[in-house]
Structure formats: C-alpha cells, structure tokens
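What follows is a single chain, given as structure tokens, in the form predicted alone.
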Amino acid sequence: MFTDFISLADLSRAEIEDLLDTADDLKRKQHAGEVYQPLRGQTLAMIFEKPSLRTRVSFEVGIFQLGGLGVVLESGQIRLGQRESVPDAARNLERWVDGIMARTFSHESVVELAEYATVPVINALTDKLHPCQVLADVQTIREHKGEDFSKLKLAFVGDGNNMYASWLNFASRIPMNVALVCPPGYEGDPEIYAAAKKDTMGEFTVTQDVAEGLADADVVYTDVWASMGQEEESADRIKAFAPYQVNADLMAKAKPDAVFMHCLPAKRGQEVTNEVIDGPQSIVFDEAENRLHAQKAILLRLMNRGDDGLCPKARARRTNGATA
C-alpha cells in the first residue's frame, strides 16, 4: 500500500484503480447528500508556493467534507528551503498535523517532505509532475469513455510539461496510447519518457505532425504554453506553439466523438479557442469537479486510521522499524 502520493509511477495498477473506484463512490455519496466523515478531527497542512484556484478549493473543501480541517500555508509564510530546511519543516509539521499537501516549484521539496515527515505527503503539483490532476482526469475519462484504456488514444497537444509527464506515469501502469504533439525542443523529460516506455505495454509516440498525432484520438488534451515560472519565455513559446492551437480545425482531425480536456486555467485564444473549450466536446468542468472527488480518495487512503489507530505510513514505519 502506498504511504505518500508523489507520482503515479509509485503506485500499482490495482492501487490506481482502487483510488478511482473510491473517488466514484465519494462522488456518489456527495451527490446523494450523504455525510461521510471518516477523517473527523484530522488536520491537513496545505503548502502553496504557486497560486491556486482548483487545488486550494478542492483540497480545503475535500478535507472539510471528510470531517477534517485544512490549514493553508502560503509561500511567504513558510519559504521551504529558505527560512528553514525542508527536513526541519517536515519534522515540525508532523508534530501538529495528520497530513501534508504541497504545491511547489521544486519536485525535490515534495520528495524531501515525504522522506522526513512521519505523516503522509501529497504532491499537489511540482514543476516535474501533477499526479492529482491526472487522477481526476482519468476519473473523468472513465465517465465519458469507459474503463478500457487500452482501446483509447490521448493526444497531448503542446508542451511536454508536468502534465504530460504524469500522463506517461499513468499510462505506464494502466496502458493506453499517448501521443505528444509538439514543436521541436518541447518533448519533455527524456528520463520519464524512457522509464514509461520501459514499464508499459501501451504505445507512446512523439510527433510534430498535427494530423498524425490527432489521427484516431479519443481525447484531445492541452495545457498553457508557458507554465508558472516560464513567463519570460512567453513570447518565444507563443510563436513556437501557434500551429498547435486547439481550434475547430484541429479537433476535426481527431475522432468525431473525441472529447476535449484542459487542466485549467486556460489562456483562451492561445492554446485553445472559445469554440472548443465552450463547445459540446469539452469536458473541462467535469475534470475540475472531479479534482474534489479524486483528491478526497487520496486523503481517505493516506490519512484514514485503522483499528490500531495508525495511518498506512505510520503503520509501515512501525513495521519496518520492528523488523530492522
């Protein structure tokens, strides 16, 4: 059983499917008006180095709906690795809270938090990965396209960024066809790509040809061309990515029943046009809703205590300590 949520590549297929089934169940409970609070009295520290709408609201509402409390720590308050070391921050927080969620620039900050904290740590976004978003995306695709991902093709149009990397991690556990459609020089992290190809029976392709990448696509996915921290590259990126804008002509190259997805926020008129994001093929706001349910599933699996009063991470550390 996983004890932190850092990368989808750390989980087995069975663990990912369990999270998805749990997210579906939690969604049904909420829509039925059922009060379900297994995390009553527990507290989640929420570290934000980057601005956030969906992550902050969905985690804060999610821990509240499960009976707990979210404590927001913004960048100026905590300054990981600057005001004090990441290990020291972890050792302090573990004395007060039952879980830590972190949205940071550096991926290593989240890895260090997980290494040194005795409470579970959730990667809510780093420059390298965004596993929470992909878990919600997968829940959304299952709702619209069914559960057999081996028959699906996702065309990721744009930068091979942290979103694309997390899609590779997912597809290395539950095989599907993932095609990156991008200009030269934006192919993403070669180590993540190589590891995913080694670990999966799915098909991964990278192409500069829009028609080739979109052919037979069931899902068309895009993201902003310049992520947070890349603002100084905006002018060059706009020029490079202009031929890859998701508009009606590009969508027409995918299957007629293809759905459009975007992790949001979107820069309308850049990576996607209004006619697509507001059109009948768009499921972007279903994705946004499912951030709440998918993340509640993560919180439940990581923070819920068993009959021994321990969460999975504390139980694993006690067991490992006993056998050491």
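Fair warning: this is a prediction, and the values are worked out from it, not measured in the lab. A residue's number is simply how far along the shown sequence it sits, counting from 1.
FYI, the form predicted in complex with norvaline isn't displayed, but the following is about it.
- Norvaline in the predicted complex comes within 4.5 Å of no heavy atom belonging to residue 218.
- Although the partner is absent here, residue 237 lies well away from norvaline in the predicted complex, with no heavy atom inside 4.5 Å.
- In the predicted complex, residue 125 approaches norvaline with a heavy atom inside 4.5 Å.
- Residue 140 falls outside the set of residues with a heavy atom inside 4.5 Å of norvaline in the predicted complex.
- For the options 39, 258, 292, 263, the one in contact with norvaline in the predicted complex, meaning a heavy atom within 4.5 Å, is 263.
- Checked against norvaline in the predicted complex, the residues 177, 200, 227, 247 give one hit for a heavy atom within 4.5 Å, which is 227.
- Residues placing heavy atoms within 4.5 Å of norvaline in the predicted complex fall in a single listed stretch, namely 263-271, out of 39-47, 65-73, 263-271, 277-285.
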